[in-house]
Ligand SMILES: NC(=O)c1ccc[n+]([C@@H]2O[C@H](COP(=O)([O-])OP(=O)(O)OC[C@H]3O[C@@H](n4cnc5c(N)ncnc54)[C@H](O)[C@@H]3O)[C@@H](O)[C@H]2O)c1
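Starting off, we have a lone chain in the form predicted alone, written out as structure tokens.
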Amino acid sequence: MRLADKVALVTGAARGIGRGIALRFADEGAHVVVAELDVDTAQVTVGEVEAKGRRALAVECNVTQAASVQAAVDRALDEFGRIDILVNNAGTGQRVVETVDLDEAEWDRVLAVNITGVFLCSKYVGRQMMRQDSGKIINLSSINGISGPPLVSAYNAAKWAVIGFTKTLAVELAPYHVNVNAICPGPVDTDFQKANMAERAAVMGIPEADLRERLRQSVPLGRWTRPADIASAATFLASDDSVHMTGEHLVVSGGLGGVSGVAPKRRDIA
């Protein structure tokens, strides 16, 4: 087992990609701290990790609030005494809308979760890893962090920022033997993505099924990305197999280089 007795803190691990990573880490021997806004939803993942014979803990964590993040980290340290792996997975989508109609509150909300949350968790866990003189930080960016699909400019900006933040933190923590890397998933078949596709299809004026199939056909390997695909990449980055990698971003997209597609020209702009 590549992560035997390591302690991993995974944000947003109650469902989707985060849950997939937590369960794969448990398969590889890790104990898992499930950090979630709603502790009740986190308990399901905790039960699944414990069923694999590993220890698990649910902690309440609002990644946009420094006090909440620090409290979650302190709770994890009280329970396990160390944190070997941090996966900054918690994220939120954006209302599908052209930038000229994007209101400031939505911009602030999306960036607060998707980049400020990465900063705060990395700050408080990073301090502990510096004391340990070891650690792995894995940040979830997106294929949107290396491309620029329309109608989600706040989300794109945040995911681009995650990659830049990853590179800076990697250099800063290198003297402490902490590796910091990012994963850029392609479209992953989760409830999060299904909601986004439904909204995008409505804005573009095409059936959702047609949009999903169009996207699938654009993937060279012929299928949507799965949570298990991201969990495999995260396991590699969390293990000693990636000991000489830092400041990098791995694209896990089945060969898809980016998502595009122009919305119809509007008639309501004077």
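Residue positions are given as counts along the sequence shown, with the first one as 1. Worth saying up front: this structure is predicted, and the values here are computed from it rather than measured.
This protein has a second form, the form predicted together with this ligand, left out of what is shown; the following refers to that one.
Novice: In the predicted complex, is there a heavy atom of this ligand that lies within 4.5 Å of any heavy atom of residue 138, even though the partner is absent here?
Specialist: No, residue 138 is distant from the partner.
Novice: Tell me, yes or no, whether residue 128 is in contact with this ligand in the predicted complex, where a contact means a heavy atom of each within 4.5 Å.
Specialist: No, no contact at 4.5 Å.
Novice: Even though this ligand is not shown here, does residue 37 get within 4.5 Å of it in the predicted complex, heavy atoms only?
Specialist: Although this ligand is absent here, residue 37 would touch it in the predicted complex, with heavy atoms inside 4.5 Å.
Novice: Would residue 9 count as touching this ligand in the predicted complex under a 4.5 Å heavy atom rule?
Specialist: Flag for residue 9 set to no.
Novice: Within 4.5 Å, heavy atoms only, which of 62, 235, 218, 242 is in contact with this ligand in the predicted complex?
Specialist: Of the listed residues, the single hit is 62.
Novice: Can you pick out, from 178, 111, 169, 188, the residue that has a heavy atom within 4.5 Å of this ligand in the predicted complex?
Specialist: Exactly one listed residue reaches within 4.5 Å, namely 188.
Novice: For the interface check, one of 129-137, 87-95, 73-81, 170-178 should have non-hydrogen atoms within 4.5 Å of this ligand in the predicted complex; which one?
Specialist: Result for this chain: 87-95.
Novice: Do any residues of 129-166 have a non-hydrogen atom within 4.5 angstroms of this ligand in the predicted complex? If so, which ones, in sequence order?
Specialist: 140, 141, 142, 155, 159, in sequence order.
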